Structure formats: C-alpha cells, structure tokens
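Okay, here we've got a single chain as structure tokens, the form predicted alone, with questions on binding and movement later.
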Amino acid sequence: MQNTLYNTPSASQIVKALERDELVMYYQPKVCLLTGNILGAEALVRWNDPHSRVLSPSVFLPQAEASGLLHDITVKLLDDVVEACVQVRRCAPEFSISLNVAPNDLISQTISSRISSYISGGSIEPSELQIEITESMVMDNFDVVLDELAVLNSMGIKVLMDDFGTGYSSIDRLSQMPFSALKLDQGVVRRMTTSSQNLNTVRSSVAMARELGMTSIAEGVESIEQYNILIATGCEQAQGFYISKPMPLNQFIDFVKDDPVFPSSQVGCVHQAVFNVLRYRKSLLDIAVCTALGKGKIAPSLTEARNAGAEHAFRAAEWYYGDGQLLSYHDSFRAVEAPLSKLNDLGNALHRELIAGRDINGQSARLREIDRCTTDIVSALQRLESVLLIELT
C-alpha cells in the first residue's frame, strides 16, 4: 500500500521536519548570457522526507503558510544559505546566492536584522547574498514592504523581483521599488517560443529593465530555443533545467569546480545599446520641446533622472564602460567611444542650457551635432552587431 503521509502534510509534520533538519536547500545555477559563465545560484527549499523522497515546495509550503510556519522556515533557511555562501566562497568568491522571502518575513524585520548581524559579524559580504520577492506579493503588500526593501538595499543587499510578467505590476510602483533585477516569469519564458505576444513581452521586459538600470534574469529556461532567444533579446542572466536542475550544496560546489561554460554573446546587448542611444536623443528632444512649449517651464520628471554633468549619463554609455568592455578587442566597439563621449558632453550641455531658460533657437548647432554623434554611434554599433552575428556562425 502506497504511503501518502506527506502528500498533504499537517502543521505538526512540518514542525517535525524543521526539528529534524529535513527541510534543506537545493541550488539552481544562474548563467551570465554575456560570458557563458556561472555567476551564482538561487536557493530553493526541498523536503527530504523519512521515506527517502525529495518533495517539491508545492507539496508543503501552502500548508506551512496557512499554519503560520513559513516565517520559521525562512529564518532557518536563511541560516543555511549564509553557510552555503561561506562554503561557495572558497571556490567562487565572486558568486552570489539568492533566497526567496515573503512579505511577512520583511514586515517582522527579522530577516533584515539577521542579515545585518551576519554582515556586521563578518560572516558574509553583502554581494554574496540576494533577496527575491515575487511580483504579486510586492504589489499586494506594497506600502508595508517598501521601507524594509530599502533597508536591505542600504546594506548593499540586492533585491530581485521574482515572477515579473504575471500581470500585477504598475510601472509607477515598480519604479519606486529598490530592485536590482527583474526575473522574467517562467511561464512567459516558456511560451515565448510559440507565442509572438509572449516573445514581445520578453523583449519589452528586457528593454524596460535596462532603461530602469536593472538586470534582466530569465527563469524556467528549459530548451536551447529559449536560451538562444534570450541571448538575442539582450537578456543578461538565465536559470532553468537547460542549464541545470537544482542540486544539493555539495553537488553545486562540484558543478562550479568543473567550470562549465555555456553559449554566450553580447549581440542582443549591442542592439539594446542602439535603442538606448536613440532613447537618449529622444529624451533630449523631449526637454527641448517641452521647454519651448512651456516658455521655459518644464516638468521635473523630464530632468530628475538625469544627473547633469555626470560621466556616462545614459544607459548606452553605462553598458559601454561596463559589460561592453568585454568587446574592447573589436575595432567597431572602439569606434563607439569618441562619439559616445561627445554625445554625453553635448547632452549635458544642452540640458543645462535649456533648464537655464536659453532659447531653443540658439541650440540648433548643438542639436545638429547631437544628430551626427547619434548617427556615428548607431552605425558603429550596427557594424559591431554584424561582427558578433558572424562570430556565432
């Protein structure tokens, strides 16, 4: 007769599982789509039950949440993940491990307090631990979790929005949250190979993440077709069965030591850079148009995101002087630098002049120079895009 004891576990059974250390973390690798290298993992809970079965969280977490035990589980698992960070550091000091938390975990401030004590005690560096929270949970508990996410962010802990694309977010609220990354929902990722609508959702999500200064991460990647589309869109990271199933810590460490390298390319990021340059030009024109129509008055939202005079003030420049430097061996890449730097300076100058109330007619020469720089950058990036495409064949 089949034992069904743990098909619908009771609260007392979950408590015993906690006491016996039967709830353990498995680690699913994340790969950088720009380099092909593993850069960390997501920690996922499993139940190693007394019958030698590994049970999915879908079997027991709903009951744990209903019974008020989810917080105790999260606290226990946080301790395990911190220990995992210490062990992983010995073979991969640059890695980070992410852990899912629920709003109640944040509201109680227990999680932030424990993380703070781990950091101040020297157990971990902030870069070694990341926190994930699902999109729906954020939107349903927006006001109560916002402050606590800001506390984590102030410690240097990156906060990731999980399951992005499930339909709950408003752009306004998303822009207020201190997220470092958006994790594309696995359902959207799975359907993008058969649905153009889902594919466009992925493309727009990757572009939006980049414009907001966030990393784009795809989860649930199960096929080479999905993996390749993500590279083409400019998505930066991925995880899923195509890369590896979740595994116990010792297996994950062995996996890391084997130093696997997966397919990679920045061809999608280069295309995103083209888009970013055009968006930057458009942002300057928006300021010019609104200044002219408003007779010197302009909405603060048009200028608040710009740090006038700052080096690399727009997304294409941030990419170029960041991850883009991996492509510095290409002539076409190096050809971008001079006009990009000039465009940055021209944009800052135009921004200052318009905000100071200078007449738009006096800026015509600068606007023409901005257009020339934009054309030069886009042309060089398109050449680079073609070179990278040839490298893939």
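All residue numbers are counted from 1 along the displayed sequence. Small disclaimer: the values here were computed from a predicted structure and weren't measured.
What follows is about the form predicted together with a small molecule, which we do not show.
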| item | value |
| --- | --- |
| G220, heavy atom within 4.5 angstroms of the small molecule in the predicted bound form | yes |
| Partner contact for S56 in the predicted bound form: the small molecule, 4.5 angstroms, heavy atom | yes |
| Contact flag, A209 vs the small molecule in the predicted bound form, heavy atom cut 4.5 Å | no |
| Any non-hydrogen atom of L350 within 4.5 angstroms of the small molecule in the predicted bound form | no |
| Heavy atom distance at most 4.5 Å to the small molecule in the predicted bound form, all of R191, V202 and G234 | no |
| Which of 41-49, 327-335, 358-366, 340-348 sits within 4.5 Å of the small molecule in the predicted bound form, heavy atom basis | 41-49 |
| Sole residue of A238, M161, V101, A273 within 4.5 Å of the small molecule in the predicted bound form, by heavy atom | V101 |
| Position in contact with the small molecule when the complex is considered in the predicted bound form, options E135, E128, E148, E132, heavy atoms within 4.5 Å | E132 |
